[in-house]
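As structure tokens, one chain now follows by itself in the form predicted on its own.
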């Protein structure tokens, strides 16, 4: 059932996608990027790409490039950026200086062990484990700390009597009592910014009007709003979108299968299917429409229809969507997508560029059978290699040698007599022989299919014979007939 229509964004929105380049772009991040991109395109706004790469140990240029590739494959073009937080140190230094001048932050000389002791004591008293640093250290104390080599962190001075209210597009009104929010660190002892400072300063400096992000960031939001207000700014409006779960209703992870955008692409899913599936993770237009073009998504998307409930990502559902998208492509579009995928997968390195013509000619035969592009070699790989007989498939032929001899022998005879090797002629000849034998279609055609392709999984027998060509098709059938004759013991 579609969620009720709530408050929506109607003015040009300036939104951002702010991934950390510490790994692959996963489904959750891709969904966040898509929702922000759709808001920007729907409202005539601006989509900003910002890399939150202050984790110097884990951030890598390889991950950064992977994010670009994944977004480009999805068609999520950005209007500004990429901005890198690692290159904005001066901006954060100035922000900390401004916060110090305003009295919004203070030097906290406590060690982490001392703060942990505060938290433990609070828990023992059944109080919220909220820590606040001392602000009345004497000059002698400070001198002693400095002599010990201790350096302070800078904490935001949270007003314990206050509260922050978020009018969230998805969750509605959410209230945070400041008594439950500790004096959070904005700058570490080496003066590098924490996430909550850098994200808030960037949203303020970049003029972000709306922040759409996962609901796991909700607890950070009041802290970032405090920072922005202390800097004299107005926080963006927020939409915290629900988490994504696997089919087992546990948080989505690698155990649920392909989890990154590039893994989905490499598994044979096409862009339009992935975008469609991502859009439907926690959003719907109504209670019946499940297929959208990108243009339709831009037109119909609204934050007011984002669900508050967790979304479930299921590869089986994506298979269904992908197969449906593939079947809407005409043969030329399907062939272009298939060739592009095969080229990336190394198919033409293995079989030569000249194989592209046969790949394209085989599209009508494989199109209706494929759910993902990576299924092509299973269905049609036999066209590009010498015959490789699957032992289990051959055992199926051996199970009734007499019948298999009759089917392959009579089928071969009809095919050898064909004046023209075309699919209609092939089909007519074999169906005529089928009627003469009085067999069912599978009983008659399966030995021919296995003899030709080496497998029980392939394109249809008529298409297969046409694609393989007269000479090679007859050679393979004669080979199978010879093997069967050797097994026949009347």
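In this text, all values refer to a predicted model and were calculated from it rather than measured experimentally. Numbering follows the first chain given and starts at 1.
From this point on, the text means the form predicted in complex with a small molecule, which you will not see here.
Partner contact region in the predicted complex: 211-219, out of 334-342, 76-84, 286-294, 211-219, criterion any non-hydrogen atom within 4.5 Å of the small molecule. At the 4.5 Å threshold, heavy atoms of residue 473 stay clear of the small molecule in the predicted complex, well away from it. Mapping the unseen interface onto this chain, residue 145 falls outside it, with no heavy atom inside 4.5 Å of the small molecule in the predicted complex. In the predicted complex, the small molecule sits within 4.5 Å of a heavy atom of residue 52. Not displayed here, the small molecule is approached by residue 18 to within 4.5 Å at the level of heavy atoms in the predicted complex. Screening 347, 195, 109, 376 for any heavy atom within 4.5 Å of the small molecule in the predicted complex leaves a single hit, 195.
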